[in-house]
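The form predicted on its own is given below as one chain in structure tokens.
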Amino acid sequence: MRRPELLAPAGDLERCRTAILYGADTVYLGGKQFSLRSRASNFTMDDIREACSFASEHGAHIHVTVNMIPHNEDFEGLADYLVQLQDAGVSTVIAASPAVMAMVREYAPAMEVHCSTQMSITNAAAADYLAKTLGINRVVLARECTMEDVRRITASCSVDTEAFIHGGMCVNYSGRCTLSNRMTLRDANRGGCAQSCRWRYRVFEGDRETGEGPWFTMGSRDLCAAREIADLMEAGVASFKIEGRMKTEYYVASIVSGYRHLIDDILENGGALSEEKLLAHEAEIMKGENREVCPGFYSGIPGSESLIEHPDGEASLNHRFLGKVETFRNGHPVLLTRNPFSVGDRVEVMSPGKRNRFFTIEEMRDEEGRYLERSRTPMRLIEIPVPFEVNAGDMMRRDL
């Protein structure tokens, strides 16, 4: 069974490092220009160079998204930008425009070109055409592909395939949506999506409101393909992609770590896992999620069960994350806190490259050395004795 690349998102340099440390083989990110996530922190060219250096030190790679749908004025400075990406050590550009793909080949030929999911590739013929005419190295399949589509395309495609396994799903077809444009004048396909599908709505007929039901949204549930990973591996998919360049560092660490352990377990097992093991991996992945999930299109064309149609569809905030180890005091780790916790709480420690470990908080002290029964204020430095070795950068979350 082929070992797939685990491809993780990063909205800034810290999240890039975190993704790699927690098991990503490759990280994809966006620069300050030409990217579809203009509201993410995004990377300066110096940041990209540093990301490439860190990735190289850890045997990983960096992909950069140049995936906006460009208008004439958007090409200004693009050739120079591509040359700078190549010089920085970027291995791949992800593009959604044939013109951009051709420019990568002309100005920065050392980099690979991957066809973005924005191009809605749902058949091998389209992928082969792009490979022959523009020399792409990989096609990122449309999120609307079923498992049978994935198998057939991957088996007959002349280039590698990449498939999404986790994260946000567009309510429209592979991001071809103009709700944001119409409602906010922010162009979704040039980096400004306002995620209008996730707003709360009522239905009107003319000036008359129809019905008295609750507010609703039309957004899709997040994709979670944990149960489809073994099938995707058997199909020969080269890369598994996690969505979420605007997600938190904790989200990146949790989701990447969860899928890293799942993929490795399948490889060690030689195929599909038992239901008991699969449930355990699913539970681990969902510890980092705060939205409702579905399997997307992998099991067939989804119905209304894949949509979030109720007013609290954004789900609850994830309060599991307690904080990150910043330093040490009196031989004990000092946590920069995020969410409330108390003495007596059972805590799970996430460490890069290790299985998660557990302990119960028996005591804790604030910055002045005073003993506390509980911590309720975020961004405080709290000293917590832990009965095993932890390192700076390790994360702690509540074990529910």
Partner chain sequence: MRMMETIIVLANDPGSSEKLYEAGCDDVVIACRNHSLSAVHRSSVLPQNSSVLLNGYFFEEDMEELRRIMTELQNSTGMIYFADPAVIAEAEKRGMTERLVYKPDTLAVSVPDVLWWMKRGIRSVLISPLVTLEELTEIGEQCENCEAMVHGHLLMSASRRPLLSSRGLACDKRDYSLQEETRTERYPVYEGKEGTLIYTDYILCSFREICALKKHGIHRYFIDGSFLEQEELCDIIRSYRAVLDGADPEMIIREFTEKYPGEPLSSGYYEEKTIK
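Please read all numbers here as calculations on a predicted model, not as lab measurements. Positions refer to the first chain, counted from 1.
From this point on, the text means the form predicted in complex with the partner chain, which you will not see here.
For the candidate spot formed by Leu13, Thr26 and Arg105, no residue has a non-hydrogen atom within 4.5 angstroms of the partner chain in the predicted bound form. Among residues of the shown chain, Met68 is one whose heavy atoms approach the partner chain to within 4.5 Å in the predicted bound form. For the chain shown alone, Ser158 is not a contact residue for the partner chain in the predicted bound form, no non-hydrogen atom being within 4.5 angstroms. At the 4.5 Å threshold, heavy atoms of Ala283 stay clear of the partner chain in the predicted bound form, well away from it. Among heavy atoms of Arg320, none comes within 4.5 Å of the partner chain in the predicted bound form. Residue heavy atoms within 4.5 Å of the partner chain in the predicted bound form occur in exactly one stretch of 168-176, 258-266, 226-234, 326-334, and that stretch is 168-176. Taking Gln84, Ser91, Gln195, Ser120 one by one, only a single residue has any non-hydrogen atom within 4.5 Å of the partner chain in the predicted bound form, and it is Ser120.
Contacts to the partner chain in the predicted bound form (heavy atom within 4.5 Å) from stretch 133-162: Thr133, Leu134, Glu144, Cys145, Thr146, Asp149, Arg152, Ile153.
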